[in-house]
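Next up is one chain by itself, shown in structure tokens, the form predicted alone.
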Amino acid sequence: MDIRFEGKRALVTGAGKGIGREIAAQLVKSGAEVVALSRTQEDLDSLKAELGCQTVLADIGDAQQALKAVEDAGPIDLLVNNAGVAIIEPFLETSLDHWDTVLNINLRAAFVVGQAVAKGMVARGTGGSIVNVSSQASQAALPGHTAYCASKAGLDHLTRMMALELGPHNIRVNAVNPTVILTPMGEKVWGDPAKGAPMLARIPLGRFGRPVHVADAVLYLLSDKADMITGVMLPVDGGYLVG
């Protein structure tokens, strides 16, 4: 399936590393003009050198920085709300500060950025496509992931609400829900057999994902090949959620 995005401008949050970086790279290869957003200047510098994309430095856990980032990005046709963070703490030990950090980045930022970008889409009258990067943790409770699971469950329902209310403006909104993805950080955490083996045992395909698996799903949902799909939470989980 040949997916092309010539003439489209795409904003990818959390584009500096891992899944977001792969999504940005694939969008560039598919002809999109990409605006990469990250809170780490070093990552943005290497992205610009590697991909030639526009870059925006911002910590979108801060709502004002998030709004300024959308303004700096300019008109956007395709949005990928990928930025996310996980602070691993059990329920009884989850601090209010860490709860706020996770919810602000994983959920509030998607709302703030999504709303600002969608307002521009509506004003231009050209429609658009938005993909939120959620997680299997939105639908399956994981020990030690209280704030993370709550944030991703909220992101799924935010996706549904966006799809419902933006659909009349020809703006499609979907989510992808990956399992463990072997980014450098993922390999560091889940590469330990004591931690990774029980998770692998619940995945029918018997393997963790890689950033390209998520990027492929995101590009499909962004594209006109999916122009009758909106409000969907697409698992990219090797079958984890069927159990």
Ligand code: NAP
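All residue numbers refer to positions in the sequence shown, first residue = 1. Everything numeric here is computed off the predicted structure, so don't read it as measured data.
The form predicted together with the ligand is left out here; the points below concern that form.
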Please determine, with the chain shown alone, which of 119-127, 67-75, 160-168, 80-88 has non-hydrogen atoms within 4.5 Å of the ligand in the predicted complex.
80-88
Heavy atom within 4.5 Å of the ligand in the predicted complex: which of Thr40, Ser46, Gln54, Ser30 fits that? Just give me the one.
Thr40
Although the partner isn't part of this model, could you tell me whether Asp59 comes within 4.5 Å of the ligand in the predicted complex, counting any heavy atom of the residue?
yes
Please run the contact check for Gly18 against the ligand in the predicted complex: heavy atoms, 4.5 angstroms, yes or no?
yes
May I ask you to state whether Gly206 is within 4.5 Å of the ligand in the predicted complex, using heavy atom distances?
no
Would Ile105 sit within 4.5 Å of the ligand in the predicted complex, counting heavy atoms only?
yes
Within 125-162, the residues that have a heavy atom no more than 4.5 Å from the ligand in the predicted complex
Val133, Ser134, Ser135, Tyr148, Lys152
